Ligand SMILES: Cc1cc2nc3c(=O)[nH]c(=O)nc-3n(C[C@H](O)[C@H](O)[C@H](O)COP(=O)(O)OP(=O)(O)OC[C@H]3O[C@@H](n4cnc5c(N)ncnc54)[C@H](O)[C@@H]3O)c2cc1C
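Take a look at this single chain in structure tokens; it is the form predicted on its own.
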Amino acid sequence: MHPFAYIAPKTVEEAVAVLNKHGDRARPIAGGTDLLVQARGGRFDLDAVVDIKKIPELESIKNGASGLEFGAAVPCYQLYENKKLAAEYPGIMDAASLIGGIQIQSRAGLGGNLCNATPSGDGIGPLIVHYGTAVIAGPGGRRELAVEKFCTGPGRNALKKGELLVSLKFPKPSATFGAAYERFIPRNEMDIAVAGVAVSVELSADKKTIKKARVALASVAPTPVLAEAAGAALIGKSADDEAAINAAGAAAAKAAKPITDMRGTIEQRKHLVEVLTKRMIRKAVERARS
């Protein structure tokens, strides 16, 4: 790495101005658990690193009647240690407690996990099934983008020159909402997912029928996948309908477009997606009912 400037703006507007000035030769840093490793590895040739943790808006958590919004720099532990958030947004908490170890979780956040756009990112699928929206600031003002459209390729995202992810927001879940995320890894911790599945369901008032459902996949395509056919296979069906659950698992496996690498084969990953999808549907229903 060659020497670069360290800049710590106090507002979103100041950060955007620096990022716009330097273009691809500047990157925001929050936890730094991805950026520093990538910079040392030569992925980026930086003239400036923009520390966004000095910006209050990017460190805030707001949870009210309309839903949840948390800043892009909020570390994982601040989410899963909040009991109210953990109860209302369980799929997000599953992911926040899985990323790295305790030391990583004290620095890394779901905003950085999303911006890094790694196909295996544990945080992205749960953000999708919780109907997440990315709030983005740039030279032209602010815009919003559904999380499932944010990642455009391995390590690539929808941010344009000078743009910054400010926050992530989610609608208030109903009393019959449940979500869950699980991954398969070769080791018990500190490993990259071979496959991961997030599921959310919203049940009818009597908790017998699935009104809404979403299924998102990790590590089985160039980007995280919203498996729309898998969710559609559940809507209107009994929450205990094994045929519908099996159909959703098969649809999720069909939506997966994995590769064979040192961590798993195409066939293994598709099988894992089907198994994990069925497992997460049952777990999301269980959480919705409780």
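Only a predicted model underlies this, so the values are computations on that prediction, with no experimental measurement involved. Note that residue numbering begins at 1 and tracks the sequence as displayed.
This protein has a second form, the form predicted together with the named molecule, left out of what is shown; the following refers to that one.
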Within 4.5 Å of the named molecule in the predicted complex, do Gln38, Ile104 and Leu164 each have at least one heavy atom?
yes
Would Pro28 count as a contact of the named molecule in the predicted complex, using a 4.5 angstroms cut-off between non-hydrogen atoms?
yes
So in the predicted complex, does Gly91 come within 4.5 Å of the named molecule, heavy atom to heavy atom?
no
Residue-level contact is defined here as any heavy atom of the residue lying within 4.5 Å of the named molecule in the predicted complex; does Gly236 satisfy this criterion?
no
Is Asn116 close to the named molecule in the predicted complex, meaning a heavy atom pair under 4.5 Å apart or at it?
yes
I need the one stretch from 81-89, 138-146, 120-128, 171-179 whose residues put non-hydrogen atoms within 4.5 angstroms of the named molecule in the predicted complex.
120-128
Can you work out which of Leu159, Leu203, Val194, Ala134 has a heavy atom no more than 4.5 Å from the named molecule in the predicted complex?
Leu159
None of Ala244, Leu226, Ala253, Ile52 but one has a heavy atom within 4.5 Å of the named molecule in the predicted complex; the exception is Ile52
Heavy atom within 4.5 Å of the named molecule in the predicted complex: which residues of 91-107 qualify?
Leu98, Ile99, Gly100, Ile104, Arg107
